[in-house]
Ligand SMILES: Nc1ncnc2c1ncn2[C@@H]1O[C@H](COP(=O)(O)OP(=O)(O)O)[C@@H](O)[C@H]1O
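The chain that follows stands alone, in the form predicted on its own, written as structure tokens.
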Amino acid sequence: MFLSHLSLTHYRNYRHLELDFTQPLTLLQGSNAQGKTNLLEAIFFLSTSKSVHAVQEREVVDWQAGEEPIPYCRVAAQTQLDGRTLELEIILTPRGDGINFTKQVQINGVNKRSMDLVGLMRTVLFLPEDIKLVDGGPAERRRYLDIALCQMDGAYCRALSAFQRVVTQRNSLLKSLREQELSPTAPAADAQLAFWDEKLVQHGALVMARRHNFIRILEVFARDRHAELSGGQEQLALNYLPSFNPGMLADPEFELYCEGLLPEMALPELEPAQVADAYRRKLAARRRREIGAGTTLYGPHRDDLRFLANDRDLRAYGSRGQQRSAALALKLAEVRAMTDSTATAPLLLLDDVMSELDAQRRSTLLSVLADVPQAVVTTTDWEDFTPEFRRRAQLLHVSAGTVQPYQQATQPG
């Protein structure tokens, strides 16, 4: 896969951009707040149909779009995939309420769902704030797993979407049952929950099994990358922490695993049917508790992921440098896992990654980039990269939402 062209209209601070990518490595240099991160975010938007930073999609629309007869935002790209050309496009147009925008997705000029876009141009994006994957809340880590897996596995994406809808419906019923308990004529809770329980198990079991198996694969690659980044001083482990024991360990062992006391234990691969059996038993055993809470307490919406270095939880005990190295090792492992799973290497997007890395980690990262089919990297300082790297890369300068080639006569070094 190769991203050959990117087109932006009224996206963030880009009023209009037409950019050709001519080399496997592209280095974008510019001062802060000039649009480097926005460009990476636009590529990621086309890859996942979701914005990195925006809470609402109207936030990515350039304010100057209001000067158009019909305000709009357009992000489009041309990619080469397995010898064929794909034209990907997202257009945001106002709905008329002055607040919300309608998203239209096109693939080769044909209207499609957002879900159809995911996985066509796979990307792995690393941002400075990705340290929150280690020190942030569980929702950050679940979102990371979902974005990565949806790009690789359409069945996972469909199951996740269905599970989220079921949770909403089931939570509404649980709240209703909690209120009905005050009435002696209320119908039996078991009968009312049976349908939604089975839907919850059907979709949730697949999501949990896929997450568990993906983390097993990630851990192998991340451990190697982290060892390189730490100069062999630390060994990284990834622990998948579901909200109930999905059948991968005996109960006492599972409790020790969740406490981080069995970080080195080789866990077996999980099958959705195995998880489904454990999930049904858990829901049946904790029915009264869920009704009392008025919400679904068990399932992939309560999952978490833990990072351990030399058996120490990095969220609680890791330094900022250790946490950053673990997050970077995870993203580099994702590149390898995605390549093995799909037989196509993803596009690697790195935003100002060198700024907080020491010489050892910089050298390791540059060696990794040499093996990636395509990467787009940003920096504020040309000298963060070796002259050899710069000679191999397409050099671009970003300033105030414009991108210009960095001329050979004025190249650094």
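Heads up: residue numbers just count along the shown sequence, starting at 1. Computed from a prediction, not measured in an experiment: that's the story for all the values here.
If you look for the form predicted together with the named molecule, you will not find it shown, but the lines that follow are about it.
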- prompt: Considering the named molecule in the model of the complex, which of Thr364, Gln374, Gln34, Thr48 comes within 4.5 Å of it through any heavy atom?
  reply: Gln34
query: Of 383-391, 59-67, 353-361, 366-374, which is the one stretch near the named molecule in the model of the complex, taking non-hydrogen atoms within 4.5 angstroms as near?
result: 59-67
query: Quick one: does Asn13 come within 4.5 Å of the named molecule in the model of the complex, counting heavy atoms only?
result: yes
field: Contact flag, Thr26 vs the named molecule in the model of the complex, heavy atom cut 4.5 Å
entry: no
